[in-house]
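Let's start with one chain on its own, the form predicted alone, as structure tokens.
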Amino acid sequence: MADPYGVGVGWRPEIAGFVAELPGLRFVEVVAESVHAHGELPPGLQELLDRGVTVIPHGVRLSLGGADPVDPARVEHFAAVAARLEAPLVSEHIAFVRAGGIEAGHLLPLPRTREAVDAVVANVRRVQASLPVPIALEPIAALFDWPDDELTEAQFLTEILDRSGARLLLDVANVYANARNRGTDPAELLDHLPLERVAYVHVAGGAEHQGLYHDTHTDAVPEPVLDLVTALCERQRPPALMLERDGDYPPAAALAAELDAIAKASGYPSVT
């Protein structure tokens, strides 16, 4: 399969019918843990592959930022899904989801320390050794920063990418959420990241709750996030961008309008 290009969408069973009818679609992303490595694929996903649509597995449970080594069984499944989908690359988060044998059930942020960089790089190398394709790493939206941070966000991410050889999955909604909650300029981070390493980009919606902006994936993409897409593309247009929604799905017309808005903000052709 070809690398992701243009505007895509996160494939979910609830919107499989909508996704199947997008005439200009060239790539989707699927949660890796929702796919069986062997046997039949979820209904609709095989049809996309048969159409030549690229499908990228996106992991949520490897816990790359954990102090413990990654679970070999989870890595094996991740690699098998990538091979099953004939994916050109895979992606996961710079985060941890378990510690001391306890599963958090959420993506948790790391302290931006050199020790944390060492842990992420070691785990990424372990995963990459089992993968048939490259991996892209996604920085997450975090509602707090650890008090013992030693590096800026840009320094932290760049060092991880440089030492691991991974590519970057940049989520502009996460960039916006973090900057808004910290009271900083979201576009400033773009000036300090290695944008040439971006494999593709997530675009998602959020909402404010009790004074904090939450990256919900259940709300429409707000104008400031679309403006950030344009700001990113003015610096260096990424090869691909995708709409990420997880639950509370609107009518098909509203989803199509969000995809059109991403296309307009990025300069890519519409897929609807």
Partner chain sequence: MTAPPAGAGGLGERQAALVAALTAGRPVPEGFDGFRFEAARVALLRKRAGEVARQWPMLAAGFGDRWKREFAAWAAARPAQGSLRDGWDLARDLTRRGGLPSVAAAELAEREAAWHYDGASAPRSRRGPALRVTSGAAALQVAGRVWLLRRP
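Residue numbers count along the first chain shown, from 1. None of these values were measured; they are calculated from a predicted model.
Below: the form predicted together with the partner chain, not depicted.
This chain appears without its partner; in the predicted complex, the one residue of Glu115, Asp191, Glu76, Glu86 with a heavy atom within 4.5 Å of the partner chain is Glu115.
Residue Asp148 is the only one of Glu196, Asp185, Asp148, Asp162 with a heavy atom lying within 4.5 Å of the partner chain in the predicted complex. The partner chain is not drawn, but in the predicted complex it has no heavy atom within 4.5 Å of Ile140. In the predicted complex, Ala119 approaches the partner chain with a heavy atom inside 4.5 Å.
Heavy atoms of Ala99 reach within 4.5 Å of the partner chain in the predicted complex, making it an interface residue.
Heavy atoms of His214 reach within 4.5 Å of the partner chain in the predicted complex, making it an interface residue. Shown alone, this chain has one stretch from 232-240, 22-30, 45-53, 204-212 that lies within 4.5 Å of the partner chain in the predicted complex by heavy atoms: 204-212.
Shown here without the partner chain, the chain has Gly65, Gly66, Ala67 in 41-71 lying with a heavy atom within 4.5 Å of that partner in the predicted complex.
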